[in-house]
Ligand code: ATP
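Single chain ahead, written as structure tokens, the form predicted on its own.
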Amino acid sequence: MNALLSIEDLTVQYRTRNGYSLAVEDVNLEIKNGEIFGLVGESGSGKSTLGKAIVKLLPVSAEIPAGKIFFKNRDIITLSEQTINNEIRGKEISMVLQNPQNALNPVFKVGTQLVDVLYFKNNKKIKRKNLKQDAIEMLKKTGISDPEYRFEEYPHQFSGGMKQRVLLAMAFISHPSLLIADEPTTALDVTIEAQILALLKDLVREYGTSILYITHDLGVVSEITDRIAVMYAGKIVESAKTDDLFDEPLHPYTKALLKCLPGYSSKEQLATIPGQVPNLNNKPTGCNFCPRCDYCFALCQKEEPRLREYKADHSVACFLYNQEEKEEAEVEDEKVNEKEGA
């Protein structure tokens, strides 16, 4: 499989009254054609910022000082807003957000909003009335019962799970190459969540769409994804195939997250991670996770480990595994001590 999306050394920062906050820092990742890629981490890790950067939906306070985002070999960062609107956003790349209530316009019928997506996808060349049947068919595919009748209803007449199905219909009706799903099942109960996840997998098989699935829920990504990247304080700290990550987690942060997952540990009481994600305006020196890490040692407090391949298709940013980097850092530390001693 070829890379559909390739992010290289991406950095995103926000302007604040206290200076710049690095929400995403030196991130590298690839999403292949037809792949479901999970991006996990606690709130404040930079996951949603990364997702919005891909479709250039960042707020005005955000800046991208470095990095590239290649989608089908085009650097999205260099494209104009007009090009993004006409050729990429909502056509080649769709996005489904956490709260469907906020994503649907309450004053327009569901069918009208669905037809609008097709209307603009076809650059207004096909009359809206000729797109109605396609919209109804997509509602049917996403599990909306009696779609001809529900087509004429308003969002407030739909349950939360049905609204999320409508959003998936809107996302897939343009047959996108990439779907960014940002916490799409968080507001749903577990039964509806399972149905939505099954629906996503069916739609991926039918349309060959790749998905960037953003969530804090490792239980969800274990069911749906092919590969996972774990994000902490704006950086990718571990990346691996889903089965490998669950069978052999490497980074202390990944291990801590998994211990919080019901059923993962044999202990009756769920574990917790002490502390919280660091303030982006005041990150700790060295490894960002060091203040919360059970394995932190002196070098971790001084140097920041880089993401390196530990074995095939499994990378980690931790001195416990990057022995070569650890030795390099120790040599540099010795040189600094010698100069200070002189």
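Throughout, we count residues from 1 along the sequence that is shown. Only a predicted model underlies this, so the values are computations on that prediction, with no experimental measurement involved.
Here the subject shifts to the form predicted in complex with ligand ATP, a form of this protein not shown in this document.
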_With the partner left out here, check for me: in the predicted complex, does some heavy atom of residue 59 sit within 4.5 Å of ligand ATP?_
yes
*Hey, in the predicted complex, does residue 282 get a heavy atom within 4.5 angstroms of ligand ATP?*
no
*Mark residue 49 yes when one of its heavy atoms lies within 4.5 Å of a heavy atom of ligand ATP in the predicted complex, and no otherwise.*
yes
*Going by a heavy atom distance of 4.5 Å, is residue 16 a contact of ligand ATP in the predicted complex?*
yes
_For ligand ATP, considered in the predicted complex: do all three of 161, 196 and 223 come within 4.5 Å of it, counting heavy atoms only?_
no
*Taking the partner as it appears in the predicted complex, which of 27 to 35, 293 to 301, 65 to 73, 40 to 48 has residues with heavy atoms within 4.5 Å of ligand ATP?*
40 to 48
_Just to be sure I understand the contacts: of 153, 183, 92, 244, which is the one whose heavy atoms reach within 4.5 angstroms of ligand ATP in the predicted complex?_
183
